[in-house]
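One chain is shown next in structure tokens, namely the form predicted alone.
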Amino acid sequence: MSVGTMGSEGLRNAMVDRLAADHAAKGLTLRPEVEAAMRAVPRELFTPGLPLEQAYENEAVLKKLRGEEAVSSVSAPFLIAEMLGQAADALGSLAGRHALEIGSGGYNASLLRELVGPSGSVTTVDIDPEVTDRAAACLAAAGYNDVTVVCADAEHPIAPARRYDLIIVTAGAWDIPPAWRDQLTDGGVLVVPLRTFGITKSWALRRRGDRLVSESSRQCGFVSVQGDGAQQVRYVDIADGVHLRLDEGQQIDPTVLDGLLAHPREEAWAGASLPPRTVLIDLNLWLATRLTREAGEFVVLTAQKTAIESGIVAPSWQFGTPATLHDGTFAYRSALRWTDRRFDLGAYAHGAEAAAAAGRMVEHMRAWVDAGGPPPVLHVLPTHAPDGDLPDGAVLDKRHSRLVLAFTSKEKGTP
């Protein structure tokens, strides 16, 4: 039977089969209860107006645009499955739990309703009344009449006296407002796509008193949080189709970028031989924490496909590559160099000190490989936390919180 002749159940099961294979390729396991929920909920009921086949594609759909920027969507199934898996892994089980979803669309709330079961509860909130109206209608059409839908800015408490075992955020956040921590039970879990150093990961954070500590993280991408928690990302053009993404209040004089990529390119390689499953977003955060301690500015390079195909740049990932800018020299993590089914890590650089800059970046890559490719651990503390109370790591001060990113060697067990 072709995709074009499949019904809802067949398309749904085919989608979940693909998700299970995608998890396995990443070295993950699709939890049985998450798989069962995704096989049970008809996604097409949450994507009204779309063709049936499109409802089951593994990508975000029903995007609402403001100009060229997406401000809401029904999230991609693989992201939903991974984040629900993070929540279930951290809590052991979601059965009987009380969950708050921030960023509504209806579909994820229905999956949560399946997972928490009859003794649990689900509240879903969004700042946009058009989104909550659609979510409420879709949930009713699917028979999930006991999900509470709220239209509010979730930067602030939804129900001040209420506590949740799980808060799951389906929008890209720049900070953790106090309301998210305070609405968690002690030991409760916040799953949130959080941007640090311009790089977004989905973090599963457990509440321990007045702080949160991560238990897992995954690569992800979401539309940005709106309302009082919004934080704008700025872009500066470095060449036609090549941009620097600026975050954390960064300011760069565009004139220092003029003609920078016209300088000859120097390159350096780590001499590594790594398997395909290596989690390179962990390397990106390692580079961010190390390079920000050095002279110059840590930035994120993005590039359009045409700029990559023409050879202007060759970044590790077109949507976000670690880079540095210092005294007229620009360096960035390069595309991988493959030999058979393993790869090496490299850096490209342009400018007066290009060879040295590429070499320094590669030294940090070698250090990560030598440490066993460790993942980061994220600590979230209140803004008033004194320096002496912070764990060892790279400190990033936000509006509401102090973030500390730490790495521990997998092999040696040392920072």
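Every value quoted in this text rests on a predicted model; they were computed, and no experiment measured them. Numbers follow the displayed sequence, beginning with 1.
Here the subject shifts to the form predicted together with a small molecule, a form of this protein not shown in this document.
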(request) Could you tell me which one of T289, T196, N108, S316 places a heavy atom within 4.5 Å of the small molecule in the model of the complex? (result) N108
(request) Please pick, from Q304, S121, Q250, Q226, the one residue with any non-hydrogen atom lying within 4.5 angstroms of the small molecule in the model of the complex. (result) Q226
(request) Considering the small molecule in the model of the complex, find the one stretch among 204-212, 329-337, 236-244, 124-132 with heavy atoms no farther than 4.5 Å from it. (result) 124-132
(message) Check for me: heavy atom within 4.5 Å of the small molecule in the model of the complex, for each of T200, C220 and N284, yes or no.
(response) no
(request) State yes or no: in the model of the complex, is some non-hydrogen atom of V74 no more than 4.5 angstroms from a non-hydrogen atom of the small molecule? (result) yes
(request) Report whether the minimum heavy atom distance between L166 and the small molecule in the model of the complex is within 4.5 Å. (result) no
(message) Is it the case that I102, even though its partner is missing from this view, gets within 4.5 Å of the small molecule in the model of the complex, heavy atoms only?
(response) yes
(request) Could you confirm whether I308 comes within 4.5 Å of the small molecule in the model of the complex, counting heavy atoms only? (result) no
